[in-house]
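Next up: just one chain, as structure tokens, the form predicted on its own.
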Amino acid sequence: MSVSDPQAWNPADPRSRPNREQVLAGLRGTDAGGPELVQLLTPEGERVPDARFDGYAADIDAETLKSLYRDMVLVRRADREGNALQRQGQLGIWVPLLGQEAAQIGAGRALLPTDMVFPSYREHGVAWCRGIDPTDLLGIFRGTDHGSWDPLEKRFHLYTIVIGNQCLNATGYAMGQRFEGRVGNGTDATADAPDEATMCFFGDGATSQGDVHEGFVWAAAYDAPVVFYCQNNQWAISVPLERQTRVPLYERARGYGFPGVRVDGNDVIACLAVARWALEECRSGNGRDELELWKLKDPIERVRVNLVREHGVDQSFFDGVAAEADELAARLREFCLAMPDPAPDRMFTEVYAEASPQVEAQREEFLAYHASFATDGEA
């Protein structure tokens, strides 16, 4: 199917996924002056087409739209009550989501049960979508607990107050998903390890933090299945956006090596559709067909094929080389395991050319501490 010929979207059915190449080509078109803002529902309430993402919103009928509306109304009302409680002195602080209901409900409804979420401190709408009652958020802002839900059960991490730090946590978690083979297997119940993705939420102000950039670098380098979801409300506490960046924030993604999409954050349908696309892109492996392509270009494999096809080399040669390689690996392991442990005070003796009273004092204190763990028969 093509994006311009939408049908009901089903993440467990690869046939229902819009054409990946067309979506990415459409995003690249924004760099050449093409359509920039993704919008499927205008401020006047009119549904408008977008060939790149229509396929991810094809199943949004009247009933689905009513449920999205209900979620946004309830979340806004809970948010306003939290804000009032803070003003009345019942909460130490309340971080409002006013104006971000569509961005959060849209993204939250795009998540599958296997996905993991790393929020900042105002993702009350996403928490709602993950089955967390608003009352469970109050303890954080009243100072009675750090969050009263189980992050693994809800697949929703505890709130992160340190701005941008959740990007490191999300990237590390997503790298684990990659290493454990949780991508590219399918999302249906028959999959050995159903696909997962991670979604990380932060604001425009967080993009000026080093933790965020470090998370971007590692996520791109390891092709981690993480969606970075920046909710740009135009202000970082008290600093306007134009004082934070010279380019639109979504364009920064290209510098790290992953696509960036600018979405109308007040359009719940667009937020849902683009979030679905991004999460599916991660779950399916971020286009990992490239990995299989490079496996076919393996330098050893191509020589093996040439030796067999053009020089008649038989299997005994390859078996002998493989056995020799195993012997080398065994010798390497044996040598490593037999290496002596360095003296515990080496970190002090090998740092400076000449000793100093301060370092010597630290060394003696450390050795005394180390000796306190000695078992019977050990010095």
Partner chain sequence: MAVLTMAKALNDGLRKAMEADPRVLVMGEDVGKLGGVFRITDGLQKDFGEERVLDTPLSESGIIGTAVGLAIRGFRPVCEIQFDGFVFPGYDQIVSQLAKVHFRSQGKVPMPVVVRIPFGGGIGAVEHHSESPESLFAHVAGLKVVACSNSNDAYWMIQQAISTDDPVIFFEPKRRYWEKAEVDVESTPSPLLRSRVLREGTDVTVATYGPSVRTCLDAAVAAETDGTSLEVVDLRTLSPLDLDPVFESVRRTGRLVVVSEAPPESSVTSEIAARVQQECFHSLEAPVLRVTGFDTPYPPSKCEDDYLPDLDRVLDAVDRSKAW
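Here the rigid core means the biggest group of C-alpha atoms that line up within 1.5 Å when the two forms are laid on top of each other. Quick caveat, the model's predicted, so the values are computed rather than measured. Positions refer to the first chain, counted from 1.
The same protein has a further form, the form predicted together with the partner chain, not shown here; the description that follows concerns it.
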- Task: Tell me, yes or no, whether Asn266 is in contact with the partner chain in the predicted complex, where a contact means a heavy atom of each within 4.5 Å.
- Result: no
- Message: Can you work out whether His124 and the partner chain are in contact in the predicted complex, taking contact to mean some heavy atom pair no more than 4.5 Å apart?
- Response: no
- Would Tyr159 show up as a contact with the partner chain in the predicted complex if we use heavy atoms at 4.5 Å? yes
- Classify Arg302 as contacting or not contacting the partner chain in the predicted complex by the rule of any non-hydrogen atom within 4.5 angstroms, answering yes or no. no
- Based on heavy atom distances of at most 4.5 Å to the partner chain in the predicted complex, which listed stretch, 88-96, 273-281, 146-154, 234-242, is the contact stretch? 146-154
- Task: Just give me the single entry in Ala325, Ala343, Val351, Leu332 that has a non-hydrogen atom within 4.5 angstroms of the partner chain in the predicted complex.
- Result: Val351
- Query: Taking the partner chain in the predicted complex as the reference, which of Asn185, Asn169, Asn83, Ser208 has a non-hydrogen atom within 4.5 Å?
  - Reply: Asn169
- Who in 160-179 is close to the partner chain in the predicted complex, meaning a heavy atom within 4.5 Å? Thr160, Val162, Asn165, Leu168, Asn169, Thr171, Gly172, Tyr173, Met175, Gly176, Gln177, Arg178, Phe179
- Message: How about Ala353 - superposed on the rigid core, does its CA move between this form and the one not shown by 2 Å or more?
- Response: yes
- Item | Exceeds or equals 2 Å, Cα of Ala343 between this form and the one not shown, core fit | yes
